[in-house]
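Okay, so here's just one chain, in structure tokens, the form predicted on its own.
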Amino acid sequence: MDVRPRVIAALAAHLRDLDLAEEAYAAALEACLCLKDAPSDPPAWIFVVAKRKAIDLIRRSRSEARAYELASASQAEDDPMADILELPDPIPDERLRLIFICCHPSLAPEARVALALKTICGLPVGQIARLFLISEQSMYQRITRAKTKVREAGIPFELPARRHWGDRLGAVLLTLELLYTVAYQDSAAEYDGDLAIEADRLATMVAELCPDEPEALGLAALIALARSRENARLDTFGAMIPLSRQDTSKWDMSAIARARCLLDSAAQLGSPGPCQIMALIQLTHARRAFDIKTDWPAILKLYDALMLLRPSPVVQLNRAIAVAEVEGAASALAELQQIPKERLENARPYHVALSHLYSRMGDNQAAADALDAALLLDPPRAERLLLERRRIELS
């Protein structure tokens, strides 16, 4: 069991400082690893030690009187897990609860998501930056500003009443969507083998907690559909297999059926949104298991709708791939050239798509150059093997 979200939630609620909570937790964890014998109750032990470490850190930056006051308050507590137990519990999961807490409406939407991905989900800043198509330095500054605002504005580390969840739900869903995006890109589970499972679990829990929120149902369906193909994504050498070449007999039909039920429930609520449309795109791909071929015109129409609801360079890129299947590579290349290059030059899918289009048009040198650019962007091992294989074929 990952105790980090639970302990950091309690520390953050007690200290009201995310940086201090993370630093104290890290120091306590280091102390725990140095023990000869594991404590009988690791979360309680780490929590108590982390509070002591926090007091030491406060002494260095604040007056001795303030540090003594915190120390006295800490020693007066009978139950070392009191802060954890006192947190409201309408969400029966520490990590999901803290994601809701971090997605405070006073923070800018992207800042909420970045803060949650860094603090609760533990993603590296560089990885988060790639998700938002900005530099690592810019993302670091964004997260730092968000933490500062949380601290200086005195934003409470408390879960609001359920009637106020709507102010945070969009950021929570985007956090889980991007968390799964990282897991999906890492098809061989090189970075974190449990990341996809965790994103799926949390998205399913949000859908269960918010059954009247169609976008929550849509996200749960989207992740279920993507995970339904996990057993077909790698070949015997560990290289990634593109969706169009996957063996559909290896797809999880029960997960596809579950996603279809979630989308049916969402449709009955009559409020379409980006997560539902993305799930419908994946469901259309899933129909290849029954129809043999992919309905690319339908997928293109869905991307048109997605561009209206959530216009972005990434959506425009994915739409261009559908255009290639419906109207040809030349039309798709024209679509890609409309996107400002600086928005996608650090995005591997952009260079991979360019290579695919150039190859279809017979320009193998341009296709090879695009693959070289993609390989320079440090793809995960499974994707690297696929791209290197394609590079050899072009040669």
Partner chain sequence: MQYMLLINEDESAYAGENGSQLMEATLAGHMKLIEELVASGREWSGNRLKDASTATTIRYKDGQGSVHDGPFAETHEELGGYYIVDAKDLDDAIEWARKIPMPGNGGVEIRPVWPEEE
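All values reported here derive from a predicted model rather than from experimental measurement. Residue numbers count along the first chain shown, from 1.
The same protein has a further form, the form predicted in complex with the partner chain, not shown here; the description that follows concerns it.
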Segment that reaches the partner chain in the predicted bound form - one of 194-202, 288-296, 231-239, 101-109, heavy atoms within 4.5 Å: 101-109
Heavy atom distance at most 4.5 Å to the partner chain in the predicted bound form, all of Glu152, Ile155 and Arg168: yes
Any non-hydrogen atom of Arg163 within 4.5 angstroms of the partner chain in the predicted bound form: yes
